[in-house]
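Structure 1 and structure 2 below are two forms of the same protein chain, each written out on its own as structure tokens.
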Structure 1
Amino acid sequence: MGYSDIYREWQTDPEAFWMKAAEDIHWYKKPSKALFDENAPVYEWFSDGLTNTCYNAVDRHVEAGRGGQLAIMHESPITHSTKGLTYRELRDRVASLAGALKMRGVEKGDRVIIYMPMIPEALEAMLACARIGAVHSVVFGGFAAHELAVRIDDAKPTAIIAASCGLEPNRVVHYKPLLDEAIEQAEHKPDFCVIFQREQEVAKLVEGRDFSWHGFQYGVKPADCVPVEGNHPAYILYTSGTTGQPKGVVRTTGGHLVALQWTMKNIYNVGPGERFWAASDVGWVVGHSYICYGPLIAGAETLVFEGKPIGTPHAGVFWKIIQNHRVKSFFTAPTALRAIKREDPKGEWIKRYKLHDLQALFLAGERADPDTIKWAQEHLNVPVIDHWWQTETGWAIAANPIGVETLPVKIGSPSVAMPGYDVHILDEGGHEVPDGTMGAIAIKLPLPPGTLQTLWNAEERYRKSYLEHFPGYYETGDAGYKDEDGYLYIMARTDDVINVAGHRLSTGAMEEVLAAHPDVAECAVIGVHDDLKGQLPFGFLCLNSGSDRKPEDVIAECVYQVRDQIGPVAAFRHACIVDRLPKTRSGKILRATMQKIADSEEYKMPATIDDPAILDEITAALRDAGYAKVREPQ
């Protein structure tokens, strides 16, 4: 069956489609049906089935005779260490930690916050929670104390599992003082904390509250897997809300298992014993779905990487790891690829390594600009698959399902909607727009299994944030269009569509043109206030490493390119050269914050910002251009 057949099969009988997909999962008690719609528009999947995520991700592979196969491979170019864990070793370690949590009173439904770097123990902590039916909430390691405190008060964890520190290329990030400060600030206090002590920094433990990782588990009886209902929360993952108050996305167990198993086979074409690497972090949704759960549910080997795409130690570290571990499918963010391209525009580092086993490169997290895709296609000589999804959905809304068939790649498009997603392009009034016309991207309800069921303790906020604007649809918050073949084009967040003299223009389309300039490594476009036209586009350009061009020449050429390819209607006249762009730790460019700075509005320092100092550079560049008259971060 090809993609069209499978998508049609889902459309014709979604219930049968998902019940068939559920057969690839182990159930203690099989669900009576797939979709439970009694509380529509809040839907549930496989609610009356009984299953366990940890059993599906670990134990069943051991029982199938593959206990000696590698489950996790840890690569840390920062500590110069490589370490592998087999499925049997992983099961025993997870059962031990789960037993210790249980002995200390953690029960099914209790929350546990995990605050750890990219080490195997982070995955062990996630799986140990799943083993006993506890609901984990992973908070990105090194997150500010205040932001961690907000999440403690929202999730009200029984326990917190943390590491003593995290490691950056040139510094140690002190996790434990941040954790102590967060607990001090939070109204809710956990019963206890478990601290994994790393060699690089041994943290001071608070007597009576803190336990060392190994001491905590000493002499404890390992825990068995606890069957949980299909609608039992697997985890809470916080995503920053527009109000600054984080939104706790709730993923439930049955749908999560079914969806991830389906995607590993059909989208990534990875099965038992094969090697999959998602170069992300367990603090983000990619880390949940495709570092921890997806590969292990599929019985594959997953890579856990503690490092950066450049500087640990060089711009070839990704290709070295893909060669050494014979990675079949590799998944990273466009921002990581752009960083490598900027350091290595001619692909010299790629030529040093043999990537014989690599079948495809997958990109998600930010718009993948055509120039970066072309660079990767040319130098890697494998399909470069852009796909589009969100923290809320947990897996791809649109993708090229190479496990089914490799569809023609259209550069600039994440391809086509996956089964379960009925994607529509709507105008402000909720009416479908013609092919090729930009509008708001919305998905007809119900969303498929594995997507968010609600927000933690905030169902009304869930309805208001996602379901209210377009009744009967989930509002993605993204803008774009479909072509005549059904390929989607994601052009911007709806907030990033700017209005120039009544014309709605996509900043993403302008960024595509700018990124195609041979001297431009990375760029961003924002809308700045203009008394006459409402808004005008303003560009930020980062130049390739080694470029010796005059900034004013590059800017002039970029202005000409936008005028030539988009037209005078874009009114693109202003840009500046900067060394770097402000981003979140997951690589998203903070365009909304940059726009507030340009328009001299107050703004809240984003909790997820990678390096706050970059905003000073952006502010200085905008002031030189006549914008950003005041700067008042909250």
Structure 2
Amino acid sequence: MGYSDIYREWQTDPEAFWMKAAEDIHWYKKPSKALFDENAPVYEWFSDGLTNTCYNAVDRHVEAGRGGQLAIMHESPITHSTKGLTYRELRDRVASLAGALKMRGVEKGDRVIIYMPMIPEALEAMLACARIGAVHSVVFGGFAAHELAVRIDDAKPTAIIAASCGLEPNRVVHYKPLLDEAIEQAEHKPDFCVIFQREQEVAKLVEGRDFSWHGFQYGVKPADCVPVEGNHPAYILYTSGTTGQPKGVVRTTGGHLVALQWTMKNIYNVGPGERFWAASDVGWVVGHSYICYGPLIAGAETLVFEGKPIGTPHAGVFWKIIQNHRVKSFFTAPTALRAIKREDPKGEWIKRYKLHDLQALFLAGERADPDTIKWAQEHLNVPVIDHWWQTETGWAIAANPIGVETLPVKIGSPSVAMPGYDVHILDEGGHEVPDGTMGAIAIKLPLPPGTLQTLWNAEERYRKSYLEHFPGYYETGDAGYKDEDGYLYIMARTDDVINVAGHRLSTGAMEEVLAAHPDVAECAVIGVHDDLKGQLPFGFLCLNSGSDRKPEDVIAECVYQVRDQIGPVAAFRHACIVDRLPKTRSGKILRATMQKIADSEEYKMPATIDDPAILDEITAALRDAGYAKVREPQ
């Protein structure tokens, strides 16, 4: 069967399609049906089945006689270490940690925050939660204490599992002081913390609250897998919205298992014993779906990489690892390839390694620019597959499903909609636009299994953010178009979310930090084009009248504050002082117009602008900062 047959099979009978896919998962009690629509437009999948994520990702492979096969391979060019764990070792370690969590009172449904770098223990912590039905929420290490505190207050975890430190090429990231500060800031306090002490930094433990990873597990009885309902939350993953309050995407167990298993076979063409590597971080959705769960559910070997595409130690590190571990499918963000391409434009590093086992390179996280795709195609000589998805969906909305059929690659397009996704391009009024015309991208409800069921503790926000604008559809927040062959092109966001080095960030969150500066009366943050990172945040600050501070001092303090409050990952370094911000007559800041000016794109004078002259001031300020070089308004 080719792609069109499979897509048609799903369209004809979605229920039968997903029930058949569910047969690849172990159920303690099989679900009676796939879709539960009683609470539509909030849908659930496989709700009355009983299953366990950890059993499907670990134990069942051991029981099938593959306990000696590698499950996780850790590569850290920063610590110069390589370490493998078999499925049997992984099961024993996870069961032990799960047993210790249980003994300390963590029960099914309790939340556990995980704040860890790229080490196998991060995956073990996730799986240990899944084993006992606890709901984990992994927080990316590049976020500052304040962001962690916000998540602690929202998820209200019983426990937090953290490492003593993370390792960036140029510095040690002191996780433990960040954790202590976050707990101090948060209103909710966890019952206890478990700290994995790394050799590079041994953290001071708080007596009565903190336990060391090893001591905590000493002498405990390993825990068995706890059967949970199909609609039991597997995890919460916070992602950026338009405000400083992140959205807690809730992924439920049954759909998560079914969807990821389906994608491993059909999109990535990876099965038991084969090697899969996603060079992302467990703090992001790619890390959840394709460093931890997807490959393990499929019984494959997953690589956990602590390093960077360049500088650890060189621009050939990806290719060296692909060669040494005979990686079959490799997944990274375009920004990582751009970094490599900049250092190795002729692909000299690639030529030094034998990449015989590599069947395809997958890209996601941001728009893959044609130059980068062409460079990868030329030097790697394998299909370069762009695919489009979001934290909310958990797996690809559009892809080229090489496990089914490798469709012709159209550069600039993440290819076609996957089964489960009925993708439409709509105008502002919710009407379908013709092929080739840009519009808002929306997906007909229900979304398939494995996508978000709701937002944690915020069902109303879920409905408002995603379901209300186009009734009957899920609003992706992306804009783009479809061509006559059904290929999608994802061009921009329709909201104030920006994408910095494949990381999704909220300009609203940065504006909240800037607005708190005592000399700032008003501010706006936009994403400006950057050749390496795709976008970088840029701030406009209006100072309080009468402020006699030096502009450069205020800017430096604002830069410091964003790093301190949100984290280094925000990469907020540039801002300028302006007298006024361009607004509509109703007071809405014209961020999209400012972004177009910054990127020297053509723009139309907004009909509702209050005072067009302000755009001249903005253009001048951007020119001084090195942006807005060519065009004038039409």
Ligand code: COA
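Numbers follow structure 1, counted from its first residue as 1. Bear in mind that the values here come from a model prediction, so they are computed numbers and not experimental data. So that the term is clear: the rigid core is the largest set of C-alpha atoms that superpose within 1.5 Å between two forms.
**Student:** Which of the two structures shown, 1 or 2, corresponds to the form predicted alone?
**Tutor:** The form predicted alone is shown as structure 1.
**Student:** Core aligned, does the CA of residue 550 move at least 2 Å between the two structures?
**Tutor:** It does shift by 2 Å or more.
**Student:** For residue 48, state whether the C-alpha moves by 2 Å or more between the two structures after rigid core superposition.
**Tutor:** Shift at residue 48: below 2 Å after core fit.
**Student:** Rigid core fitted, is the C-alpha displacement of residue 411 between the two structures 2 Å or more?
**Tutor:** No.
**Student:** Supposing the core is put in the same place in both forms, how far has the CA of residue 622 shifted between the two structures, in Å?
**Tutor:** A shift of 3.2 Å.
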